[in-house]
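Here are two versions of the same chain, shown separately as structure tokens and labelled structure 1 and structure 2.
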Structure 1
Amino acid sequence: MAAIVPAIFVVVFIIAAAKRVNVFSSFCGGAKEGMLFTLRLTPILAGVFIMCELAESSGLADAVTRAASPLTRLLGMPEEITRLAIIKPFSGSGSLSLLTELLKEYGADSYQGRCACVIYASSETVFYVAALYFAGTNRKERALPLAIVILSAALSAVLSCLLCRIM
């Protein structure tokens, strides 16, 4: 792997030289675009991180977990992993922490452990990815894509537990 990255650079420089492209100028232009993207992304990410912290410290995450538990139990999800399924779309590190706690308490081979692992692996931090996507585009319609992704994450969690129950 240590040789692949330098090899890619050499190949790019050779192709650029063959096409008579000013490599330094192209690099600076790309770096400028990257910095502008980062500037557009920063306030969005700050909002997502602040929202996650407020939900956790205010007790909103616990309240939502308690309110959703009867429905998730009805759908076959163990009550213990409801919080993981709710937190995962918002926070990757927070959900990893919850996964670690669940695995310590129930073990990796338990039904709860298997469900938690599949939920963690089969979903994404929706709001972080949405922040990246919307910062890089000029799309004004944001509600429908977010609703679809949240619905997909919920369906993924339910189906994960169903598969773990079958297998």
Structure 2
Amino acid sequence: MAAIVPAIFVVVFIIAAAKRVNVFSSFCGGAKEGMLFTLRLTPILAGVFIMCELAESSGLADAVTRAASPLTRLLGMPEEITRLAIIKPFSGSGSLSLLTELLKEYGADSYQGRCACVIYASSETVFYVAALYFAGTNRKERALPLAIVILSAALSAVLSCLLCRIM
């Protein structure tokens, strides 16, 4: 698996060289376009990241976890796992450190540990992805896909716990 990336580069460069493309200037042209594009993303990222930081450090994420705990217990999700499922959409690094802690505390092969791993693996940092994909595009119809994605993340958290029970 790890060899895929270098292999892609080698193959592309060989083909390009064989076709007598000016590889260096072509590469720089592409890189320039990429750099300029990311600059346009910065303001949107700033907005999303301050929101995520605030949600985490104000304890809002914990409050939501506690508020949701009767429901999640009913669905068979331990509370620590709910916390992970709630933080994951906001913060990639936050959820990664939480997952590391969970694995240390419960052990990697425990129900909690495996459950946390499946949740982490099968969900994305939704708000970050939303910021990226909606940056600089027209504002029409963003609410529906975002709602669907959030629901799907919730479904994935519940399903992860169920699957870990059976498998």
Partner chain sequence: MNIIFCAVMIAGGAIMCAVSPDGFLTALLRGTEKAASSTLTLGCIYALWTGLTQVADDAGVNAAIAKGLSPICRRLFATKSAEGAHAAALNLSCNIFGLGGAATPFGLKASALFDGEGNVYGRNMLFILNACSVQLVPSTVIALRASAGSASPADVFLPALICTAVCTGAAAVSYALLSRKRKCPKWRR
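Note that the coordinates shown come from a computational prediction; the quantities given were computed from them, not determined experimentally. Rigid core: the largest C-alpha set superposing within 1.5 Å between the two forms. Every residue number counts along structure 1's sequence, beginning with 1.
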| property | result |
| --- | --- |
| Structure identified as the form predicted in complex with the partner chain | 2 |
| Location of the hinge, rigid-body rearrangement between structures 1 and 2, from T38, T125, L60, E105 | T38 |
| Rigid hinge motion between structures 1 and 2 - rotation in whole degrees | 28 |
| G34: CA movement between structures 1 and 2 [superposed on rigid core, Å] | 3.1 |
| Distance the CA of S25 travels between structures 1 and 2 [rigid core superposed, Å] | 7.9 |
